[in-house]
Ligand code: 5AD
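This document starts with one chain, in the form predicted on its own, laid out as structure tokens.
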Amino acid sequence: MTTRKVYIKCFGCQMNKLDSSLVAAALRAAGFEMTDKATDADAVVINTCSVREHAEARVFSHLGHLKHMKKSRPGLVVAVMGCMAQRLGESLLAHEAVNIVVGPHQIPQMPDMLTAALETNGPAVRIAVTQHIRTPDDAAAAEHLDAFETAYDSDENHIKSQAFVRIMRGCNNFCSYCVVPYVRGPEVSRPPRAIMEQIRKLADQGIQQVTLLGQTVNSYAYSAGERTYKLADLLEMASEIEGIHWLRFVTSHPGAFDNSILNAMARLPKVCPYLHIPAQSGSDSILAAMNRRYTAQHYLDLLAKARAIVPDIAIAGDFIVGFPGETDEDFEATAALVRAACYKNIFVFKYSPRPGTRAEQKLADSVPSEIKQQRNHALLALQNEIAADYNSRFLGRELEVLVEGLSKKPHLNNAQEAGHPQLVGRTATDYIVVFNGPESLTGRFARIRIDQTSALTLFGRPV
């Protein structure tokens, strides 16, 4: 029997990358073979994102290419999974390319669904199994997903000696611009026992860095008897697992950040001193309209507290520009926050209305697209200026990095040195470090002396 080949295309966040990796591992276990080319595949799986309009537009563009591909290959099966699949549901089946639609909570069904579709000659199959929003007490569904994650893990990351482990699903915040609570459901924290079992298994397989994932990871709370486990407890428990060298967690919400997390970071050597904590705006009026439930000063006070408890901490932030009603004064307040925060790096996104959210329903998209673009560029330019100056403090220092592999964008002055290719790694504080060395260092730790810096990258040589 010919082995069926599957190509997976992933859009979106680390949650989606984890889901794609889990599905790939499950498909391999079911007898499928993964391929890097859609043209070689019997089935194409697209994992989708709905956080921004641009992300959905890219998916539809990809589906357009697959529609043309199916004209010459009518047996090709196309599955759409993830947040966009959840949001649009059966309506996606109206697209000529799509055979299968799967919501994020039903990814364990993907092997069976692809098998059924391929056996019945793809185009004749129309399967829509999208997921209605689950309640936190839907224990059977949660256990099924836990079993799936524990069984398959995020195997495609193993070559880099790092993996993601989801500690919770969903979000309760309902920020006015965000579709995540509607497509991922309410917060449900996984049992500590299941999380630790998964991390031990990964450590036994050679994983040295684990990143704990949650839509709002610092909201983790799991009650067992009289005790409620929080994120700090997970960090403590995971730190005791032999073989794990570094622990990370993303993404945090500033609204109710527990000091115990920072204390754990300061106390536990394995917990990386890195915090990704989106601000979204520096204007209190915009933050209120976003339903973020904190002020700019509260946010800056939190960063000051983090630096007092963990002096060498690196902090990354997210911002949305062009939110409905954002004035020049509001944007200047955001720029002022960026100057005060002294970020390692930031991610900036132009606001786009997401169907079903409160902002889309109640607020007009009033900021012209050219103004959004200008503010996007201006904020990134400001951050690059700050970071270029701040990063010069690394010159001459030796840093430990976890080597991820060959650099995808070789530094032209040093693309090849002493017969060694250019490699890329990350520090515990998530700085990208580029250096020349043997490719055999991939997945290992190395000490690098920094001899050049830029706003986004550090350059150096192995010690």
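Residue indices: 1-based, along the sequence shown. Computed from a prediction, not measured in an experiment: that's the story for all the values here.
The next section is about a form of this same protein that is not shown, the form predicted together with 5'-deoxyadenosine (5AD).
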Of Tyr294, Tyr222, Phe349, Phe148, which residue is found within 4.5 angstroms of 5'-deoxyadenosine (5AD) in the predicted bound form when only non-hydrogen atoms are counted? Phe349
Within 4.5 Å of 5'-deoxyadenosine (5AD) in the predicted bound form, heavy atoms considered, which of Glu143, Asp318, Glu119, Asp112? Asp318
Out of the stretches listed (174-182, 69-77, 99-107, 299-307), which one is close to 5'-deoxyadenosine (5AD) in the predicted bound form, meaning heavy atoms within 4.5 Å? 174-182
Mark Ser161 yes when one of its heavy atoms lies within 4.5 Å of a heavy atom of 5'-deoxyadenosine (5AD) in the predicted bound form, and no otherwise. no
Look up in the predicted bound form whether Gly255 has a non-hydrogen atom within 4.5 angstroms of 5'-deoxyadenosine (5AD), and give yes or no. no
Looking at the partner-bound form in the predicted bound form, is Pro278 within 4.5 Å of 5'-deoxyadenosine (5AD) by any heavy atom? yes
Partner contact for His62 in the predicted bound form: 5'-deoxyadenosine (5AD), 4.5 angstroms, heavy atom: no
Within 32-67, which residues have a heavy atom closer than or equal to 4.5 Å from 5'-deoxyadenosine (5AD) in the predicted bound form? Val51, Arg52
